[in-house]
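Only one chain is given next, in structure tokens, and it is the form predicted on its own.
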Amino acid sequence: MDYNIKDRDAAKCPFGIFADQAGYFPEARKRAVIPFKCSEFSVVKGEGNVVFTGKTEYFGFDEPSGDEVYIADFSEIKDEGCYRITAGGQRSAEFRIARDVYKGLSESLLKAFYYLRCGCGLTEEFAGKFAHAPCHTQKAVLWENRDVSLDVSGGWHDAGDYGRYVTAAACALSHLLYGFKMYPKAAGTLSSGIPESGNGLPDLLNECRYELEWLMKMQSPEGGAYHKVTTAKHAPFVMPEEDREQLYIFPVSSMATADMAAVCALAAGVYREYDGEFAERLKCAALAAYKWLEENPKFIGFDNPEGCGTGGYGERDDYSNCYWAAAEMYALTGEEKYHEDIHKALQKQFPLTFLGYEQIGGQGSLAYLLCPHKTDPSLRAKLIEAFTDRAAYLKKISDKCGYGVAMGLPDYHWGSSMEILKRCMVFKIADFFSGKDEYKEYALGQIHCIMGVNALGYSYVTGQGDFCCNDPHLRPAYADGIEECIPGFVAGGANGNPCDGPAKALIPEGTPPMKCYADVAGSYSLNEVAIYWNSPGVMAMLAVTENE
């Protein structure tokens, strides 16, 4: 980002007590964090009516935040309404207690994908003041053969930039589609107010289809997946329709091809109930991609060629990608050869519960565990145990954190908000397969952190809460000149190792990792957004609201 772009010091939270700025379910555990010494707290309803007074619990020193933490537990309050916590002359943001407390947040997280649509204009009817003209509709040329031009318009802008990347797209789609498969009640009622709303297809699937249509354009004639389509350099901070530089399609990679095979197979199984023709197109794309993998078994990675400065999304191997592809193909077709390929893929070493984007074995495990065809009982048990062991490990980390976050000191890196949301997903996946609610409160604890129960008091979702990030590293959000940010985007969050100039200037050395954040557009390592940061947010929301 150009350093003449506006930056400002991190805003100071006006609240000294940290609560979930969206709120709490009536029957759930409800806790706020007080980072100063106090013995009592009150819960105030409406204009000042004290409805509850309680004793705080001293947690102790919390290393990730550097705070001495006291806990205010107000779980006894179950009546719906709007409340605040007060103690020691300080107060929390206002929050709600209600069964539908996360409805607006869920819809906003999903609607963010619409605001990232590429290749079309966003109209005032659906985008309001964030409308803009069509963008990136021109043909792109192959980087290695510029005599060949292709129409690869459509899809979602990936992050703060205007690039579109296959592996990132597949990861984001997988979160959304698995959210739909595992939590159908919550997903089926989610309404985001997009042009397709009301067409008989749930809005989550309408939005995914927009990305899937683009994804299939990224398939080479031989079946491989082109790695990405971008300009040679990131655009300056202009509106998308003002980015008119030449678009380039970059070479096929085995990671992108495996991810394409996997997510197209996953989507084919989901959409065949709604649109058989579209599902068949997805299946054909998946088969072609998988055939390419069979014919090209050696790893083909990706590094930016000389002259290209956009996102690389390189990976060291394609082990987890190929595992995911084999599992999805078996789940879709039931053909034994894919079952054999799953076992072959598992001979490699990679995490079985990581949910992308770089390590995506967790999606392969979900594909196998939800497979409608015959599965190996011992492998099923192994995969379920992997998720339950991971959840138990994260629970221990959460119990040691005064803010209830399942994040150790090294986990506060670029995109920590994504990590927190993925850990919420692991808790819910463990409960899904155990049939218990053992980790329900731990899953909610990660949502609470994203929504304000953190050492800076931020809601890390734009437009959600009384004190939320508002200046993300997102080109249209800056270039539109509107003070209010486009809502629904998950900001990268606290990063103990910030790596850009503005972040280094704003974060003093030695700052505790949970406090290494500033809401400034110039800092991509603290405040960028990404489709695969929003997607675990949507899946997490579906998981925690399914039975409410």
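A quick note: this is a predicted structure, and the numbers were derived from the prediction, not measured. Start at 1 and count along the sequence shown; that's the residue number.
The same protein has a further form, the form predicted in complex with a small molecule, not shown here; the description that follows concerns it.
- Just one of Y248, Y313, Y338, F278 comes within 4.5 Å of the small molecule in the model of the complex, counting any heavy atom, and that one is Y313.
- Between the options F467, Y115, W414, Y478, the residue in contact with the small molecule in the model of the complex by a heavy atom within 4.5 angstroms is W414.
- Residues within 4.5 angstroms of the small molecule in the model of the complex, judged by any non-hydrogen atom, belong to 152 to 160 and to none of the other stretches in 403 to 411, 152 to 160, 428 to 436, 316 to 324.
- In the model of the complex, no heavy atom of A19 sits within 4.5 Å of the small molecule.
- The closest non-hydrogen atom of Y210 lies beyond 4.5 Å of the small molecule in the model of the complex.
- Among heavy atoms of A530, some come within 4.5 Å of the small molecule in the model of the complex.
- In the model of the complex, the small molecule sits within 4.5 Å of a heavy atom of Y165.
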